[in-house]
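Below, in structure tokens: the form predicted alone, a single chain.
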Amino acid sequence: MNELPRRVWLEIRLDKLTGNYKKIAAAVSPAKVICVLKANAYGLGVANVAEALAGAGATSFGVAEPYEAIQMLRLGKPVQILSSILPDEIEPMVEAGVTLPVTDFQTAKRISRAAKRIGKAATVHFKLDTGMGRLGILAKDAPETIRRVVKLPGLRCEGIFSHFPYAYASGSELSNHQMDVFCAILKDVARDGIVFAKRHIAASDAINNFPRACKPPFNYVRTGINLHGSFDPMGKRVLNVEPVLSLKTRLAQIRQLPAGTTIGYGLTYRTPRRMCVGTISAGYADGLPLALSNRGYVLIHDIPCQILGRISMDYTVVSLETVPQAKVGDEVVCIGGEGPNAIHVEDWGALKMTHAYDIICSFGNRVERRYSWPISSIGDNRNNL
């Protein structure tokens, strides 16, 4: 049997994705861009996303852990693990040529020993904790640790990096202090001739809010969510990037419900009159936040249709009062659309009291990912690369 089309799908515009990459690269030039594609490119599908970005000129990629790194190697670009590396992961990653983080001296020694056993130099970046409080070498210990690590055999100490916890707040004293600390560490170790080819602290938020983090001594930036055309709700939106994704489903049933009919679990909605309602084939298992219950809307024929009652795992009921022309099987836009009624990832984030990262990473595994290059942009239609 031929594979049936899914009832819920993400449309991912690879032309807009690559366009966003080029805008970011131009905005931070001469600094270079590390494209962060952790968590399966935030759930959009790393294979297609990475291939498109590589074709657009992306020179390196960042991930969170080894499984993600291995998927990227076929593109022949540097791949960097940005978080931590566990002891049993080190040797295969050194063998594969993945750039590893040095988060403490013990980790550096393990990487050095693995490199000696294999007979292959390991490329490493020092991960500094300048204020995130999560991973890395504490700033006060960094100069001494760096001096000890660079003496270990088998290491190519290529880079040094840190991360902001509060870069969406422009003018943050903490963020400026972190950059001051980072620069002081660079100057300290430079007295012993220790310099790094790659120096980075800015991620997507800092690119928009802290231009200083994209200028010397910093010569690389990292971006993930901005590639998708999304932003943190609290920060500036300096980059003119476009949303790359739409979430769609289909209308499964249309009914006329009598006045006083309750809808959904918990009986949270009661029809005030006889109403035309529709049931769409998407629910919270597909990534629709429960917070949209009785609050959000979808688009049918580009017309907003209010969500009625609590969202279920597989289905959601919507009002069809504004679209009498609706038919079973019609396309339903959950995220996307054009003009003032367009539904953005950030709109869902606001209703859920969260952010775009959470929304994008929440799309379920039964949601099909469909990739497209519109004919108008490249002369052919490259669906499902």
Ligand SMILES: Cc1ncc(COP(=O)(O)O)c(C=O)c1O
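Note that the coordinates shown come from a computational prediction; the quantities given were computed from them, not determined experimentally. All residue numbers are counted from 1 along the displayed sequence.
Beyond the structure shown, there is the form predicted together with this ligand, which is absent from this document and is the topic of what follows.
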{"item": "Every residue of V36, Y42 and H163 near this ligand in the model of the complex, heavy atom within 4.5 Å", "value": "yes"}
{"item": "Contact flag, G224 vs this ligand in the model of the complex, heavy atom cut 4.5 Å", "value": "yes"}
{"item": "Partner contact for K140 in the model of the complex: this ligand, 4.5 angstroms, heavy atom", "value": "no"}
{"item": "Close approach of Q178 to this ligand in the model of the complex, 4.5 Å, heavy atom", "value": "no"}
{"item": "Contact flag, M93 vs this ligand in the model of the complex, heavy atom cut 4.5 Å", "value": "no"}
{"item": "Options 299-307, 224-232, 94-102, 185-193; stretch whose heavy atom lies within 4.5 Å of this ligand in the model of the complex", "value": "224-232"}
{"item": "K151, R156, R74, R134 - the one with a heavy atom within 4.5 Å of this ligand in the model of the complex", "value": "R134"}
{"item": "Interface residue in the model of the complex among I85, A167, I263, L82, criterion: non-hydrogen atom within 4.5 angstroms of this ligand", "value": "L82"}
{"item": "Within 4.5 Å of this ligand in the model of the complex: residues from 333-370 (heavy atom criterion)", "value": "Y357"}
